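In structure tokens, one chain follows: the form predicted alone.
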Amino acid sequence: MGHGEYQKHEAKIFTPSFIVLLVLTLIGFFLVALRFIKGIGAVSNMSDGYPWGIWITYDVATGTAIACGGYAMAILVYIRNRMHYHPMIRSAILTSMFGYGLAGFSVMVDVGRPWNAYNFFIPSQWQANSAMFEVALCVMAYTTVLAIEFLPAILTTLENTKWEKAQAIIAWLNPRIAPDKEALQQKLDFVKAGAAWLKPRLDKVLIFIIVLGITLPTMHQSSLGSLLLIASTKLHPLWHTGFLPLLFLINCMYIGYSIAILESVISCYAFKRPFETKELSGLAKIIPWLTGIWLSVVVGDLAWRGQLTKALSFDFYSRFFLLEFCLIAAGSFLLFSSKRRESIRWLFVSAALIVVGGALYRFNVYLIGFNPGKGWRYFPALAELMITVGIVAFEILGYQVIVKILPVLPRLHTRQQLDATKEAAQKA
């Protein structure tokens, strides 16, 4: 497997969807600026009873699970040695990098006072017994690891580029702004040579980075569940259990595989590429077993704690629990059929049901099932929602632009060659 198995999507960057996403991003970042200038009360309905709102619930607790496509694909490729999925991993890493990077950004928006962030890097300021500290440390480290894992895509582009656009810009600038055209050209050549020098050396150590990239999400995804263990009097019994760390870890895995399917289907449809039906069908075969384990733990735990009657009481909390449960169970049931796994339409529907159900589970734990006591109410303000919309829009916008300038998507003829090689091996 090499860098030649990827290609960039040849298409215009400035499209109608680019404009829409850019406008939503600018609105969101304008409100972020307003939050830092006027304080969190100007854009949020959070309070002492609800110290976290939609930003932590979606952008961090849920967003990092949705960003686990890279984690799930790395387990499949490097742990289970399914190398024929390798062409799909760079795209999954890109979405994971955006998801985790923006989760860290959301925490900064939520916490405020960014000028105090340097304290995080001072060991004497650490609270090593805190699950929140572990989450912050792992998210920051994993974002760095994802950036390193994605670096070969940038180095390959720098190594092979002819700098045509850069030279056109230099020619336009010279002599208006850039007086020394030859000096600039030498710097571009230096960057190209540096990329060629660094890429093979990075390839030699990349496997160690990948191992770290598999370890870190395993730690912090379970810790995201551990955070709510101390809220035994505030989190509804339908969700508060000692199995929260395990449930969060399995939850991020099946969401990761499901989002990899959704991402592939949507990008192939949007970019008018052939659907990767064979690869997605293989991914879909794993999901029902993970969700089956997850659902069994949930039901078994409720039965053990004597909470099954609350699950079927059809009150406010029961309805959200049953909705989450039914969405995940329905999506999983569809994927047990091999015929449906070979249908792009059913793959999309089942993956969407599981992602929505899995995300609702995290919303239930962090927000809907959380009750700090009488007198406290929370519903996100419009500005809060628009900041989250702006962050999501920026993530989609970034993905849309990067796949058009860097080799991220699977090279079509490489996948066909892999299929032919595999079929020949099976016949032999």
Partner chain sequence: MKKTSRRQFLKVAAAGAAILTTGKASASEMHQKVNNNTLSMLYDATKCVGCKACMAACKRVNGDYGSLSYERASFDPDGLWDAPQDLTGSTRTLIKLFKESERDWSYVKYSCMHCQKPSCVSVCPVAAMTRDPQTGIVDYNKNTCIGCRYCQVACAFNIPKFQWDRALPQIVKCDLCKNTNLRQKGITACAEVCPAGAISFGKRGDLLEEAQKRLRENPGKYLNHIYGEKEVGGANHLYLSSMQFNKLGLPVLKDEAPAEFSEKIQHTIYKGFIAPVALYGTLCWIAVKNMRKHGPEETDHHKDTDKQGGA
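Positions refer to the first chain, counted from 1. Not measured: the values here are computed from a predicted model.
Quick note: we don't show the form predicted together with the partner chain, though the next part is all about it.
Peer 1: Counting non-hydrogen atoms within 4.5 angstroms of the partner chain in the predicted bound form, say which of Pro237, Gly194, Gly104, Gly242 makes the cut.
Peer 2: Spelling it out, the residue with a heavy atom inside the cut-off is Gly242.
Peer 1: Answer with one of Gly306, Pro274, Pro200, Pro114: the residue that has a non-hydrogen atom within 4.5 Å of the partner chain in the predicted bound form.
Peer 2: The residue from Gly306, Pro274, Pro200, Pro114 that makes the contact is Pro114.
Peer 1: Taking the shortest heavy atom distance, is Ser338 within 4.5 Å of the partner chain in the predicted bound form?
Peer 2: Looking in the predicted bound form, residue contacts with the partner chain do not include Ser338, since no heavy atom lies within 4.5 Å.
Peer 1: Does any part of Phe190 reach within 4.5 Å of the partner chain in the predicted bound form? Heavy atoms only, please.
Peer 2: Outside the cut-off, so no.
Peer 1: Using 4.5 Å between non-hydrogen atoms, is Leu227 touching the partner chain in the predicted bound form?
Peer 2: Output for Leu227 is yes: heavy atoms within 4.5 Å of the partner chain.
Peer 1: Decide whether Tyr399 counts as a contact residue for the partner chain in the predicted bound form under a heavy atom distance cut-off of 4.5 Å.
Peer 2: Taking the distances in the predicted bound form, the answer for Tyr399 is no, it never comes within 4.5 Å of the partner chain.
Peer 1: Report yes if all three of Gly39, Asp110 and Ala131 come within 4.5 Å of the partner chain in the predicted bound form by some heavy atom, otherwise no.
Peer 2: Checked in the predicted bound form: all three residues contact the partner chain.
Peer 1: Can you pick the stretch from 353-361, 308-316, 147-155, 84-92 whose heavy atoms fall within 4.5 Å of the partner chain in the predicted bound form?
Peer 2: Only one stretch qualifies here: 84-92.
Peer 1: Taking the partner chain in the predicted bound form, which residues of 313-334 have any heavy atom within 4.5 Å of it?
Peer 2: The stretch does not touch the partner at all.
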